[in-house]
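To begin, one chain is listed below as structure tokens, in the form predicted alone.
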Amino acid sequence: MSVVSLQLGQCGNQIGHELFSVISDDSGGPNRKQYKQCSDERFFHETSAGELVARSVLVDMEPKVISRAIAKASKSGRWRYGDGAHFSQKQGSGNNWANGFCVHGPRHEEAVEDLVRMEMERCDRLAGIFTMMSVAGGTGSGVGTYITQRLRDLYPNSFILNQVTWPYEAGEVIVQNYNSVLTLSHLYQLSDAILVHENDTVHKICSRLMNIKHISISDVNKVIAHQLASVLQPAYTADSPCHYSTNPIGELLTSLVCHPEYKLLSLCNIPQMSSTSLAYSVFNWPGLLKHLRQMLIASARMEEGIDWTVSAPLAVTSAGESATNSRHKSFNLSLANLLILRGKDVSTAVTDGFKDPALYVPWLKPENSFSTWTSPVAFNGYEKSATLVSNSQSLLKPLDNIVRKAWNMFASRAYVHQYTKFGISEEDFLDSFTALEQIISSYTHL
């Protein structure tokens, strides 16, 4: 089954190019014929000349980033984007969600829908739609949200997974929190799940783990692409233990999204380090899984700086307190977790630590809350690699920060006129705040 990707805005197009590059490089190693066949069918279609063409549509309101992505893909000699599988204009959305959602989206919907439909018609079987976008700007967030809305109307029975990148907390755009609130509140009604990357976290990974001195946007995007590919590349699952899964998005959503009120997914991956350090490093499954479990419990996104004092509560304490009352203030409670293990001796990895009922909400059975995917194939240069996709409370704090900052601006009506002139009313803002406050409340009171 195949995945149709949409690269939306500058951020989405840059991450999308890096993602297809990682997938292509990872699949091209020795002794992985079946793995490559499954990966190629999932993400590429093959021309009569034997060229691999990405199953992707590129959308931006400015042509520069798309042109660069197309040129770099063709230059690689391993894969390319489809002829005409892109749409751009000469004028951007000015970092304004309303401009993208109310103006550019409706104006260009037919052209984009035609491109998506043509890509879908090339698939023998569709696994789902995967979009990549930022929540901070105008095109990725505004046009991306509008396109997601149209796709949900046109393909009501297809899975839609939105990967979104949250902005640096220190600020990239003065109205980034408005754009984020409007994007997330709308996507929550449309998408089957929202997979979140935070720029601040990825930047720290580049600095502290990859030892990059002068971090570029490309460095950040490479880390995000590595993490995404570690989830999307072929693996054996509970539904297909003897052959690579054919429905990655469907099985991901089945494993992690048990209720439409809870759709926020976070992702962490270990190890991640510079190629220089990797050459001198040796990893074992017990060590990797011990660190990954503590990262989950303490809501840490990377293995450096984990708080080892946080522990899972006992079901009932000696004083008779409930687990809820005895939790460490930093304990991260989960609804569901998906552990993806790739590499040497993967069959020997013991994952019992992730099956502890104390990690999960009491109203779900632990056996329904934890899933494992495996592949004996080494991933992207790492002999052993472990990825955890989690539906938990880990995104509560950054989400609450975004909503709080946006509300503080809205309370003084700062920049609201820049949105109302494109058709977004103050009531629309209030509806979005209400929706996100409900999400925050739902996750807080798990």
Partner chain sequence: MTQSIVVQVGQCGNQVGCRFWDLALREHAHVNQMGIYDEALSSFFRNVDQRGADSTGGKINALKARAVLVDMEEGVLGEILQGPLRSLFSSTQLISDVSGSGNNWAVGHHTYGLAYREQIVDQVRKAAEHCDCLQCFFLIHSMGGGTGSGLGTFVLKLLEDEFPEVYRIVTSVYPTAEDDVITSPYNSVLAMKELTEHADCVLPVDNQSLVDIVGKIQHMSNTGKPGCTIKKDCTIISGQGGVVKVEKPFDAMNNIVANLLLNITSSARFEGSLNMDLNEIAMNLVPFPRLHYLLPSLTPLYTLADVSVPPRRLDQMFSDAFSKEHQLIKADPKHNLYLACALMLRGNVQLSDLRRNIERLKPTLPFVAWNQEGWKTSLCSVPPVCHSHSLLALANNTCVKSTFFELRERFVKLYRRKAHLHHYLGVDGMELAGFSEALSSISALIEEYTHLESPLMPNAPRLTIAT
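Note that the coordinates shown come from a computational prediction; the quantities given were computed from them, not determined experimentally. Residue numbers count along the first chain shown, from 1.
Below, we turn to the form predicted together with its partner chain, even though it does not appear here.
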Stretch in contact in the predicted bound form with its partner chain, which is absent here, among 112 to 120, 188 to 196, 299 to 307, 89 to 97 (heavy atoms within 4.5 Å): 89 to 97
Exactly one residue in A238, A279, V350, I174 has a non-hydrogen atom within 4.5 Å of its partner chain in the predicted bound form; which is it? I174
Looking at L335, V220, L338, I147, which has any heavy atom no more than 4.5 Å from its partner chain in the predicted bound form? V220
Is Q14 close to its partner chain in the predicted bound form, meaning a heavy atom pair under 4.5 Å apart or at it? yes
Using the partner position in the predicted bound form, report whether M1 sits within 4.5 Å of its partner chain, counting heavy atoms only. no
With a 4.5 Å heavy atom cut-off, would you call R404 a contact of its partner chain in the predicted bound form? yes
Is L446 close enough to its partner chain in the predicted bound form to count, meaning some heavy atom within 4.5 Å? no
What I'd like checked is whether E41, I70 and D83 together line its partner chain in the predicted bound form, meaning each has a non-hydrogen atom within 4.5 Å of it. no
Contacts from 210 to 229 to its partner chain in the predicted bound form (any heavy atom within 4.5 Å), listed N to C, are K213, H214, I215, S216, I217, V220
